[in-house]
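Okay, here we've got a single chain as structure tokens, the form predicted alone, with questions on binding and movement later.
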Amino acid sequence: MTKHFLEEDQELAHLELSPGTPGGSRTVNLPVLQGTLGPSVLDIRKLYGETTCFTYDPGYTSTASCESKITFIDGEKGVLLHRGYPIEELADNSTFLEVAYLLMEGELPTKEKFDQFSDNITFHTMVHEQLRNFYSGFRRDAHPMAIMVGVVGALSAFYHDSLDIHDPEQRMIASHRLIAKMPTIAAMAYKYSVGQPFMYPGNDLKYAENLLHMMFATPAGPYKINPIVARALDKILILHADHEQNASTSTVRLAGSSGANPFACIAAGIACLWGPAHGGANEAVLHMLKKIGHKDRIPEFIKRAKDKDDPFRLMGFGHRVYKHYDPRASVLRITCQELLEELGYKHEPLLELAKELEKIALEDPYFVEKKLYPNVDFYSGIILQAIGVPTSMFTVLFAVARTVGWIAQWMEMIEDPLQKIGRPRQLYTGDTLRHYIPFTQRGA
């Protein structure tokens, strides 16, 4: 990595501690760090040593856990940049593999470098044949995400030659293997869940094409890949590739900070992504739209969403970071329309319902005031359903895409000389010191 902003001379912020603070009232000077974009950051690394105080920030809503050069988000303006490039430009002009190279290497590749990178990924797509045995150990109705967590974690038992995280070459080999094999593992999880034979990857197919082939082809006959469908899936993969220090990415970094092997770290990220508050939101959007059912019922559900005593919430609206229209949602809105028209669903009820719901919500003062705009999950589920992907696979495909971001973030963390094992502190509110009492002396 290049020179750290953390090592440069910075201005100081003055923190005044109240008289009730241990050690009494006093002023502490904290360095103010400034990156290339985004808000300033208070450097509190020495705060405990100088004050005997920790900071308290549940959910890390105001805490920068690392320095990164990969992804920048401005939630107030609806901006998402990968290595400085707007997500809209990448989605319209690039491919998933090129974005993968960009995230990992920091620059867009030359034609020669991209061809080499593409070959490295393509010729790593097959998995060890003995991994097939893992699938037969799962119940027939096992959730594909459960299979993904187990199988990806097990990769470390098969690829011993790329587990040394201190060897740059082994790190790169492991990274290529994970990016390459994730679609294969995902497709095998789907095939197992529907009782169909596994399909091997094809070296003549592009990344998204290969994923479609392995999911929907059968030995009984050829599967014709629709280029419009493949491009739509490629865009979904691009839009989900990385998103700064979200829950699953932070999980990968935390696991990696202990020195765990990359396969274990990515398995940890998959487990975190499985949570409905993180990776399962697009499935929840579909369930919500089906529950609403018709445009005429939208006002009823808008009213329910504004009622604090009603548990109903509009899924696909609002975001932890974005207080503006999610730029990824803008891309998917157009992609969704184009795809459905290509597939002959010019008047797809769910899309029409979603567009009307978006229109009404964006004009409602309640949603405008609270800055609840559509996010990336609002349209992605409709696209995946149109392609033929079952809802149980939505989060799996999210994991396939996000593996690239996880890998880039993991590699950046490993190469960071300031990296330490993650060890958050706490505000303890339990009992003070107590001493053991024998049974005979305890009350009823």
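Just so it is clear, the model here is predicted, and its values are computed rather than measured. Sequential numbering from 1, following the sequence displayed.
FYI, the form predicted together with a small molecule isn't displayed, but the following is about it.
- Using a 4.5 Å heavy atom cutoff, 278, 305 and 314 all lie near the small molecule in the predicted bound form.
- Using a 4.5 Å cutoff between non-hydrogen atoms, residue 319 counts as a contact of the small molecule in the predicted bound form.
- Contact check for residue 408: every heavy atom lies farther than 4.5 Å from the small molecule in the predicted bound form.
- When contacts are judged by a 4.5 Å heavy atom cut-off, residue 372 counts as touching the small molecule in the predicted bound form.
- When the small molecule is considered in the predicted bound form, residue 263 lies well away from it, no heavy atom lying within 4.5 Å.
- Annotated contact segment (heavy atom within 4.5 Å of the small molecule in the predicted bound form): 372-380, selected among 47-55, 29-37, 372-380, 62-70.
- Contact with the small molecule in the predicted bound form, defined as a heavy atom within 4.5 Å, holds for exactly one of 159, 367, 192, 134, namely 367.
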